[in-house]
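We begin with a single chain expressed as structure tokens, specifically the form predicted alone.
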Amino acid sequence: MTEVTIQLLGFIAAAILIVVGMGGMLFLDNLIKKIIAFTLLSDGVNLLLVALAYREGGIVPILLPGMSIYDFTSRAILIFPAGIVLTNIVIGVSTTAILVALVIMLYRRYGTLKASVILKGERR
């Protein structure tokens, strides 16, 4: 029987978040729910990147005095995915704020949060 690792659990959770987020964006009609689904999708991608960068027994990628290059390269975690995740978090928060502002404007104009009604162009 195989051992379930933290990395495997991260991949499974990321897959669940991505599937739920995509399903919500495609099949839900409420715009607020679509924004929540977009956030879940974004969080799933971030978790996937973190799970990819995870290394059991890993160390911070800083070469310390007295540490051999072989020991450093075999134990250091990947730093690039962490930088991408931090950037993605900032972009995700900004995008979510803009989406919420647009939904507020659409609600004021159409009086509903249903995407199907807004796409038909029916005003209140």
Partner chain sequence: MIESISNLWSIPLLVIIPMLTAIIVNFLYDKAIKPIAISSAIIILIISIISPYGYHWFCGHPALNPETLTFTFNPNIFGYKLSLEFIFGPLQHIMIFISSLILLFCVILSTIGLTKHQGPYIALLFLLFMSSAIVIMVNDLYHLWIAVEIGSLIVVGIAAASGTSISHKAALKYGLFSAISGAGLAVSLALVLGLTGFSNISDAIMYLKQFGIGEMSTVLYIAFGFFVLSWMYAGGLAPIHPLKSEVYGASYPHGTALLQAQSKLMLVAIGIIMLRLFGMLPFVKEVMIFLSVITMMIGVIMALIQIDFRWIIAYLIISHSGFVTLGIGLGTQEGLIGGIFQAVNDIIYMTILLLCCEALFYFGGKTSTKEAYDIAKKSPFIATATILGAIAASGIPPFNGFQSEIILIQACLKEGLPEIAVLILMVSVTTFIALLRGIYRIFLKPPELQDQDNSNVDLPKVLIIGIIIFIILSIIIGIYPDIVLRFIIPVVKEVLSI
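Superpose the two forms; the largest set of C-alphas matching within 1.5 Å is the rigid core. Predicted model, so just to flag it, every value in this text is computed and none were measured. Residue numbers count along the first chain shown, from 1.
Missing here is the form predicted in complex with its partner chain; even so, the following discussion is about that form.
Taking its partner chain as positioned in the predicted bound form, the residues of 98-119 that bring a heavy atom within 4.5 Å of it are, in sequence order, 98, 99, 102, 103, 105, 106, 109, 110, 118, 119. Residue 54 shows a C-alpha shift below 2 Å between the shown form and the other one [criterion: core-superposed Cα displacement of 2 Å].
After superposition on the rigid core, the Cα atom of residue 72 is displaced by 2 Å or more between the shown form and the other one.
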